[in-house]
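Before any questions on how it binds or moves, here is one chain, the form predicted alone, in structure tokens.
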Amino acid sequence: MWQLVSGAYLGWALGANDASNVFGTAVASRMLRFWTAALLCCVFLFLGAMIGGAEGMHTYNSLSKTTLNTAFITGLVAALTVTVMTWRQLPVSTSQAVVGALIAVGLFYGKLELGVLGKVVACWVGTPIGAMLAAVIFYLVVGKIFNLLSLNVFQYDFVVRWALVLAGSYGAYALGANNVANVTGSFVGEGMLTARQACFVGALSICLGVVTFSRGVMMTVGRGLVKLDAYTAFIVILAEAVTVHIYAMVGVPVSTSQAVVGAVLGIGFVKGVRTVNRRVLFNIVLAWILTPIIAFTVTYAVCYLGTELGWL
């Protein structure tokens, strides 16, 4: 099954661009070292993928029917799209790249399920908005709790550091449960992988991306958009983790990048809109818009060319 190579490549691209976002703000705020964050991310991401990753697989499998060859094309095009955005150090949505490619396959072969597509797009819109609202709520509520505890400087540093570790580990678990379907979900079906096999292969490839090429996007999210201290970094990770985990339970793969950016913006609005770097925000939103368009266009062109030349 050589076609699975594109899925593994997509997993690497997701790990490099998306997966590390659960610890990006902690690393950027210097509360955790990169390699500590990467190791924790991989361990809990793998657990999340194996325990809760199957639901998202079923959603993608019902969106557009694929063969081994079209699954290879969607994975390769999505991975190339995300790789380009990662090279530009922009946190994009792997979910949007995959769905853009799947839409192209579905339209080309007349097998697109519009009801499933509507559900996925609605969750895309809800992800950054939900994370933004969660961040605002957590910022105010947890802040009051910390004030009641009357911690000294050393106690505060200890509590926040461990809060970052726990929230990031939870975020990595939620990411694995939600996003592993982006990597190998299109390979689940008759004559291909089982959902459990797909979760295993997808989780391993995502972890490889985390440890090899994720540091640049971490810094873009953690430093470029809004300046974060340790406390606000914890709030961002917690809001992102809760948001992504909810969608994992719903069975719709969404982007941790969108959830993190939404949460960071929530913090920016609480601290004052002037703290938001508008140029970075504009570039991120533009990348979100272009990602599914590019993936759709390239995939449709490849399907057309492949059919004309007898490859498909």
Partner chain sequence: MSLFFRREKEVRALIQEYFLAADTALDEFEIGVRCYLGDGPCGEFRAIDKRIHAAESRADDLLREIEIMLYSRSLLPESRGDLLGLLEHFDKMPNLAETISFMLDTQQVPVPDSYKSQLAELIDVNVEAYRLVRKTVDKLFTDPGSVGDAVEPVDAKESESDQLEGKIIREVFASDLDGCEQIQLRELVQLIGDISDSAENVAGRLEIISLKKRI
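Positions refer to the first chain, counted from 1. None of these values were measured; they are calculated from a predicted model. Definition used throughout: the rigid core is the maximal C-alpha set that superposes within 1.5 Å between two forms.
If you look for the form predicted in complex with the partner chain, you will not find it shown, but the lines that follow are about it.
Only one of 192-200, 103-111, 69-77, 154-162 places residue heavy atoms within 4.5 angstroms of the partner chain in the predicted complex, namely 154-162. Using a 4.5 angstroms limit between non-hydrogen atoms, Met31 touches the partner chain in the predicted complex. Tyr139 belongs to the set of residues with a heavy atom inside 4.5 Å of the partner chain in the predicted complex.
Proximity of Tyr170 to the partner chain in the predicted complex: non-hydrogen atoms within 4.5 Å are absent; the residue sits far from the partner. Gly143 belongs to the set of residues with a heavy atom inside 4.5 Å of the partner chain in the predicted complex. A heavy atom within 4.5 Å of the partner chain in the predicted complex is found for one listed residue only; from Ala230, Val116, Ala134, Cys123, this is Ala230. Superposed on the core, the two forms barely differ at Thr67: its CA moves less than 2 Å between this form and the one not shown.
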